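Read the single chain below, which is given as structure tokens and is the form predicted on its own.
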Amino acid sequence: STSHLCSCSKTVSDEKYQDPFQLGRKDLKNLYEDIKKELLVSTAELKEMCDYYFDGKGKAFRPMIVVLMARACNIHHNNSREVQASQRSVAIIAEMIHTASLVHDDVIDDANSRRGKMTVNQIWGERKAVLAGDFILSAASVALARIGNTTIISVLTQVIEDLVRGEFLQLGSKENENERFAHYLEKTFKKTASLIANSCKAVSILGCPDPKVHEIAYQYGKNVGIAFQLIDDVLDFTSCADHLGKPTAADLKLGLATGPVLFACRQFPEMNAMIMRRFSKPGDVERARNYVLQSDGVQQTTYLAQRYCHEASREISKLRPSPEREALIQLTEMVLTRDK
């Protein structure tokens, strides 16, 4: 376990401690019912596939960040304690885009489990899974158009472009070691952090006219998003499969060199050849996993995630104090110490 590495200084005192999930809950009430309203579906099978994913059992991590950011920016701007309907719509759209990307990712990866249950592509087949992902994206686009703000439309459609570009980056690999790490971080931003960064930016634009605040919101989301993925990549090596809800060493099996592998490679250069052939030879996955666990790759990746979280806290601290701001700071801590 890496939890002992994550004891970075407590950023909020106990009396100011705000549980982000408690604080965000009131704005996320009926979130999944509202998503299902956006997915008014003509065919029974498509409806069944959508309901299967939006079962209300997810943590709604992204929508929660979005509504907390909306409140923090509204309070900062004019002490308004209400979340606007358009800001809540951004939270719904973010969850829809995220879920569509998971459906498509599972097809690309030929994954058979997600969040501890079978994937859509395993149950309904790849073709229908691709179409279901497309359908969820199209419904998100309709909801986005309904907000009726062209700036918000361009900010959130950037996310969809980034997701595609990130997936293409993941399918390629770099020979040069330094380029490889930059490639990995760019892929991480596009596939994971862009959604959080741009959703945070969108609600800040709706709540406050100050471009400085838009940049704070964007930087917070970007840094938290990258840290979240780095910890995800660590858990692929340190967590047990049933805890994580998906098989461990899954990334190696997909041929992916994540942070822990790239750091380990500096201590064990013989991993270079394995990275280049995407761990395709028999025994590669097991050997690579052992190298990672013998190296300081997990610690280094965790340390890097801490640096991104610290930067996220530094950014959000520029806003006027509020329970929501404190909860967003608290969230950076939770990203680091989560175990699944």
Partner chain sequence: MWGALLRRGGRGAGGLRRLASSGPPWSQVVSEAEKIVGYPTSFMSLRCLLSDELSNIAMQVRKLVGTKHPLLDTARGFVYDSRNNLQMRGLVVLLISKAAGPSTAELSFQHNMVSGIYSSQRSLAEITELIHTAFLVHRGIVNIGELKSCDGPLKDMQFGNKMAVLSGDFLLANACTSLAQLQNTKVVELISSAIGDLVQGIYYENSKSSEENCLTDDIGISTWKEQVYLSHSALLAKSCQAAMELAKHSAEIQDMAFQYGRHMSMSHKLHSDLQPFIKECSSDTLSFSLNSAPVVLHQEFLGREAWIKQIREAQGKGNIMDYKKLREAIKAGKGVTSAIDLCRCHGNRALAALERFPPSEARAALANIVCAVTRFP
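All values reported here derive from a predicted model rather than from experimental measurement. Positions refer to the first chain, counted from 1.
The following text describes the form predicted together with the partner chain, which does not appear among the structures shown.
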* Structure fact -> From 243, 128, 174, 117: within 4.5 Å of the partner chain in the predicted complex by heavy atoms is 128
* Interface membership of residue 45, the partner chain in the predicted complex, 4.5 Å heavy atom rule -> yes
* Decide whether residue 309 counts as a contact residue for the partner chain in the predicted complex under a heavy atom distance cut-off of 4.5 Å. => no
* Asked: Just to confirm, residue 165 within 4.5 Å of the partner chain in the predicted complex by heavy atoms?
  -> yes
* Asked: At the 4.5 Å heavy atom threshold, is residue 186 in contact with the partner chain in the predicted complex?
  -> no
* Asked: Is every one of 40, 110 and 148 within 4.5 Å of the partner chain in the predicted complex, counting heavy atoms?
  -> yes
* Structure fact -> Within 4.5 Å of the partner chain in the predicted complex, heavy atom basis, the matching stretch of 74-82, 217-225, 165-173, 258-266 is 165-173
* Pull the contact list for 71-105: residues with a heavy atom within 4.5 Å of the partner chain in the predicted complex, in sequence order. => 104
